[in-house]
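This document opens with one chain alone, in structure tokens, the form predicted on its own.
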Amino acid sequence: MIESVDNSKIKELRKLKDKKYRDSEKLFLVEGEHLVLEAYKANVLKKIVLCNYDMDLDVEKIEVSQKVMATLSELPSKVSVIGVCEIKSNELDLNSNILILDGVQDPGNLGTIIRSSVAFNFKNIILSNNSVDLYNIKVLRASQGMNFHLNIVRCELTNKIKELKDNGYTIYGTDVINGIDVKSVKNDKKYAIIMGNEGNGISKEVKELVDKNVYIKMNDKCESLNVGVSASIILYELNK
């Protein structure tokens, strides 16, 4: 059992709390049995860190004290197992529809959108480079492991959208004033839906590439909806 917080293995694992180190090592952490099992089923789990706990999984196991586990965890409550997972490169399925997120910053919003994408059969998500990190622990908790069921890529959006248009995709933005009711969108062609930043919406350079805009019809007393809620409603309507 490792009891020292200064142990070299523990120091390396703690560094994975930092996005730059996650990106360089192609590793990230998940906390709790549910997320560890989802990672294991997705074949990305490399090892597990355990504290007074056991899981019958065919991966390397590291036993640690509660004090050591507390330095690895980012949750307020005690955690018994943490998984070390591999960041795998994803490829988009260009025979399926795509959700594009332009500058979504809130971890809870991204987690909600990921769960809704799985629920309503969207296989692909493109994250802009200025969106919240997919492997942020709050995103992982909010998505409840559904990120393992999607093709999620991070890239510069304008060139990727042009590439999608060349591959026959219709690009939909979201605009309350100039849009069409999302219920009127037909599902007989490939399309991508863009959801914008919580405060500023879709960026100017991305908006210029939009073919059509959609909106959610709602009570006039409500000006707007949270991006996680809006995306969920739009994905639900398009899945009908």
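Just so it is clear, the model here is predicted, and its values are computed rather than measured. Start at 1 with the first residue shown and count on from there.
Absent from the display: the form predicted in complex with a further copy of the same chain. The rest refers to it.
Heavy atoms within 4.5 Å of a further copy of the same chain in the predicted bound form map, among the stretches 69 to 77, 166 to 174, 82 to 90, 140 to 148, onto 140 to 148 alone. Shown alone here, I10 lies farther than 4.5 Å from a further copy of the same chain in the predicted bound form, counting heavy atoms only.
Contact check for C155: every heavy atom lies farther than 4.5 Å from a further copy of the same chain in the predicted bound form. Interface membership of N226, defined by any non-hydrogen atom within 4.5 Å of a further copy of the same chain in the predicted bound form, is confirmed. At the 4.5 Å threshold, heavy atoms of R115 reach a further copy of the same chain in the predicted bound form. For a residue to qualify, one of its non-hydrogen atoms must sit within 4.5 Å of a further copy of the same chain in the predicted bound form; none of L29, K46 and Y135 qualifies. Shown without its partner, the chain has I216, K217, M218, N219, K221, C222, E223, S224, L225, N226 in segment 200 to 227 as residues with a non-hydrogen atom within 4.5 angstroms of a further copy of the same chain in the predicted bound form.
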